[in-house]
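Form predicted alone, single chain, as structure tokens, below.
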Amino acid sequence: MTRPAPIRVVLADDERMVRTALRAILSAEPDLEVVGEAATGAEAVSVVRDLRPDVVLMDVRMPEVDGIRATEQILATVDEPPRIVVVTTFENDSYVYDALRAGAAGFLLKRADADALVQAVRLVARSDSLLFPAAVRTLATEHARAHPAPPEWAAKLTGREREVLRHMAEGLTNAEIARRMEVGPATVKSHVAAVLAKTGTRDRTQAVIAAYEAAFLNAG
């Protein structure tokens, strides 16, 4: 049987030692391949445009162009852009939240162990779950307005779509949501697509952030 193509990863960090350590960990996995590196945000944008990886591990704080601006530029200018995971020292860093709002799929702490790093890359590459849902909830609620107005999209969601959005916020995969709701995976996939369309968001992370900011997930 033919082995699936490996997940192609680009590393963006201004510290060479960090990139070397990340490369060593990821390259040890048969299903992961580090295809490029960048030392600045500007380099990251250029490397991604040239190599078209599946996943980018993006340091938040880099010279010239930081990880937030680099994330925005990649998502705005690259067709079928990669999934971007921002790498940070502190999970409550406002830079992390800004990066998530800019379109990053999730974030990873620099102190994370090798197993967590590998699983994070695999998770975001699948695009069917939320990376570190509890932390995303904390960041979103901390930055939410005290009394947000009900979003226009809330009234457009069907009951099933509301249920799916809540399960997405728990970090469940499509298969897990299907089992929870006792429906087929294709049905869940259709509901997820409808949620993204109605909330006007790019992916699950953005949809969940929008829901928390609007206090939608706190509603009964």
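These numbers come from a predicted model, not from an experiment. Note that residue numbering follows the sequence shown and begins at 1. We call the rigid core whatever largest set of C-alpha positions still superposes within 1.5 Å between the two forms.
One more form of this protein, predicted in complex with the DNA, exists but is not displayed; see below.
At a distance of at most 4.5 angstroms from the DNA in the predicted bound form, all three residues 158, 191 and 202 contribute at least one non-hydrogen atom.
Within 4.5 Å of some heavy atom of the DNA in the predicted bound form lies at least one heavy atom of residue 173. For residue 184, a non-hydrogen atom is located within 4.5 Å of the DNA in the predicted bound form, even though that partner is not displayed. Contact check for residue 196: a non-hydrogen atom falls within 4.5 Å of the DNA in the predicted bound form. Segments offered: 49-57, 63-71, 176-184, 28-36. Contacting the DNA in the predicted bound form at heavy atom distances within 4.5 Å is 176-184.
Relative to the superposed core, residue 207 shifts its CA atom by 2 Å or more between this form and the one not shown. Superposed on the core, the two forms barely differ at residue 24: its CA moves less than 2 Å between this form and the one not shown. Fitting the two forms on the rigid core leaves the C-alpha of residue 34 displaced by under 2 angstroms between this form and the one not shown.
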